[in-house]
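Single chain ahead, by itself, as C-alpha cells, in the form predicted alone.
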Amino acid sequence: MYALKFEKEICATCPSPDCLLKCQYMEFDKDEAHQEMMKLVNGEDSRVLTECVTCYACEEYCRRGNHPYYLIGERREEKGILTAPRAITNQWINMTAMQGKQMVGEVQDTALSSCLIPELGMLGSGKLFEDVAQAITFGAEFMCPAVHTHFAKMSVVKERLPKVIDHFRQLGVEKVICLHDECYGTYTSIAPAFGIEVPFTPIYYMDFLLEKLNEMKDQITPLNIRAAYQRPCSNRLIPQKHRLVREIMDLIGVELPDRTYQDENSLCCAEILRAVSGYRLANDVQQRNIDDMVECGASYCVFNCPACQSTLSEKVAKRGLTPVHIIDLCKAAIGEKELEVTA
C-alpha cells in the first residue's frame, strides 16, 4: 500500500504553522496551531480531526510542501472518524466506482481528460480545442479520486489512483490535458505525495488555453466586463497555477476587481461543506461569498469548476450576476460564442 511521504521534522521546526493558523473555519493562536499540528504528526487526538471542513486550503498555506491536508485525511481514516454520514460517504464511493463504461476518443500521444464530468466534454470543443477535442476520455476509469479526500477515505484514493493512471498508460499517451483542476492536482500533488508514479505529462487546461489564446491574439475582441472569479477548492492543490486566471482575464479584457474572498482568502462553493459540516455553514459561506461578489461591482461570476458552477449559478443569477465558465468567456472573446447577460 502506498504511504504518505511526510517528514515530522518539517512540522516540528516550522517557524509559522500557517496550515492551521490561516484556516478560515478553525481558530488557533500560533502556539495552539503548532501544538495541534504536532498532535496530528504524532498520531494523537486533535480537535482538527473533528473540526476540519475539508476545504483543501491548508495544502496551499503550508509553504514547506509537507501535505497537512492529506495527513489529516490519513489520521481520520486511521481513527475511524467520518467527515460525513456513512451513507453519503458510501454513496460517493459507489457512484464513482469503475464499471467498464468509459468513453475514449481518437487518442494518440495526447488525451483530453474530462474526468467523470459530462459538461467538460462540451467545454473542451471549438477552435481552442480543435486539435485535441477528438482525443477525449471520460468515465470512472479516468476519474481522479481526489473527491474521496473530503470523506477521509484516503484508502480509496490509494486504491483507485494507480488504476486510473494505468488506464492512461494503456492508451500509450505522453500527455494528458486536464480539464478539471482536481485531475491536475491529483497527478501533480496527490500522486507524488504518496509515491505513485505518473508516466505521462499532466497539462493544466489553463496553460493550454493561454497558449492557444496567444496564438489567436489577432482574433480576440476584448470583452470589457467586470467579473468575480469563483476559485474552486481543488485549485488549492495547485496554487502555483492560480496566477493563470488573471493572465487569461487580462488577455481577453475582463477586469477582476479586488474583493475580500479571493486568492488565498477564497471561499469554495460550499456544497461539499453541506455534506461534511451541515447546511448552516454551507449557507453562510455561500451568502458571504456572493455578497462579496455583488459588493465589488461585478456583473459576471466566472467559474473554473463545473461542480461550482452547478452549485452557485442559480444563486448568483438571482443576485444579478451572469454565471459563465472561463472557457466560454475565452470562446466569447474570439467570437465563437455569444456572451449572455442575466436579466
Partner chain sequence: MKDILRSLVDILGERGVSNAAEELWFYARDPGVLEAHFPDYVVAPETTEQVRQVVRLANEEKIPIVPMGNGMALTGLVIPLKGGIVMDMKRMNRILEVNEKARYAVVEGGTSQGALKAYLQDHHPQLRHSLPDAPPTTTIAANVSLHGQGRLTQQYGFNSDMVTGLEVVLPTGEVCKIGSPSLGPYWFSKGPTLPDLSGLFLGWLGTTGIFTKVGLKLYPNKKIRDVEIFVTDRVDLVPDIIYKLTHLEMLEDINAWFQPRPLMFKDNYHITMYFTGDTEEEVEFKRKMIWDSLEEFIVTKDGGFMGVGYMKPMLLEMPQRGIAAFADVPRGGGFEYSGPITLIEHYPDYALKVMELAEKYEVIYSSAARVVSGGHSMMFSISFAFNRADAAMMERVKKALDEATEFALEKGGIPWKPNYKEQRMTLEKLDPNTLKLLQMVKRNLDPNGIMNPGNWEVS
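Residue numbers count along the first chain shown, from 1. Quantities reported herein were computed from a predicted structural model and do not represent experimental measurements.
The form predicted together with the partner chain is left out here; the points below concern that form.
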Practice item. Look at the candidate spot formed by Thr83, Ala97 and Arg274 and say whether the partner chain comes within 4.5 Å of a heavy atom in all three of them in the predicted bound form. Key: yes
Review point. Where does the partner chain sit in the predicted bound form: which of 295 to 303, 26 to 34, 274 to 282, 58 to 66, heavy atoms within 4.5 Å?
Key: 274 to 282
Practice item. Only one of Met122, Met103, Met216, Ile88 comes within 4.5 Å of the partner chain in the predicted bound form by heavy atoms, so just point that one out. Key: Ile88
Practice item. Give a yes/no on whether Lys318 approaches the partner chain to within 4.5 Å in the predicted bound form, heavy atoms considered. Key: yes
Practice item. Pull the contact list for 59 to 74: residues with a heavy atom within 4.5 Å of the partner chain in the predicted bound form, in sequence order. Key: none
